[in-house]
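Have a look below at one chain only, the form predicted alone, in structure tokens format.
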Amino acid sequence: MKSRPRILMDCDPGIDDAFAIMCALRYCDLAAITTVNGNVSVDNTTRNARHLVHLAGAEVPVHRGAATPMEVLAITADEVHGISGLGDLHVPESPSPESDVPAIDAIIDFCREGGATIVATGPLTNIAQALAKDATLVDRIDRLFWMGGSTTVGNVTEKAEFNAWADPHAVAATFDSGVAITMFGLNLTYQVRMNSEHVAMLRQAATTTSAELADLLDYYSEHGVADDEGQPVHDTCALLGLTHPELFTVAESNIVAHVTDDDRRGMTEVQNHAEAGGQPSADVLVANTADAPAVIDLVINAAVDPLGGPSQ
């Protein structure tokens, strides 16, 4: 990585979001965080974002976003992330204040000068609503890096990933808007796993952030994916796909986001170019492979020291 990109992060912390926030602080100029209902309620995701910023010793404004999806009922993933969203941690009230600017307005303001980069690691409700409020955002967002969707397996249904399933109408609206998107779906993120060895590394580092993130990864290991490969740290992939693109392969794709209330809800299906008239419907890239050991090294470095060290 040659420079620190200036970003806005839209997220729903969430254990893997916690790791992604540390990566954003270490490898980016993190201008703002906007929160959304997803892994847990927006009350909890907002509190968690404020807590994580304070834990890292940073000062980043946190803007509260959508409490509900656009059209479907709100569903959370607290069985994976814990009632608080940060495992069984009792999240203290942070001294870092919540901004009085709503998330949608913060997104529009961040994009005002054009060339904006947004990393989204939750349901796309805030993004879709901002695009609906100000259609010129399409031309002022350079690229949206989104952790969501899947071109293969799902984690809510057979083929639907949680962020896409939680607000499928927001996904469809965002993709249909024509905004440039790079999608980091489960087909990619299941390649990047952390396990008990990484918990031990974080504990051995014994920093304020690494100690808490070790506890979160421990909880995640007990409540997340039930196999022997470790836990996928989904959200870090979208962030590091921006900052360290050489660690990922991407390909141009047509994505159809399904909103129907049936077994296709939340599917992000690849449509071949012939079916789409020979051309991609929008500037959409889909990440397919990752150099997992290198990605995890970056995640560990950020978790241990989110504000220090070289940005490599």
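Only a predicted model underlies this, so the values are computations on that prediction, with no experimental measurement involved. The first residue of the shown sequence is 1; numbering continues from there.
Below, we refer to the form predicted together with a small molecule, which is not included among the displayed structures.
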Tell me, please, which stretch of 174-182, 201-209, 135-143, 228-236 lies within 4.5 angstroms of the small molecule in the predicted complex when heavy atoms are compared? 228-236
So which of 268, 35, 48, 39 reaches within 4.5 angstroms of the small molecule in the predicted complex, heavy atom to heavy atom? 39
Examine residue 111 and determine whether its closest non-hydrogen atom to the small molecule in the predicted complex is within 4.5 angstroms. no
Is residue 125 near the small molecule? Define near as a heavy atom within 4.5 Å, in the predicted complex. no
Even though the small molecule is not shown here, does residue 161 get within 4.5 Å of it in the predicted complex, heavy atoms only? yes
Any of the heavy atoms of residue 155 lying within 4.5 Å of the small molecule in the predicted complex? yes
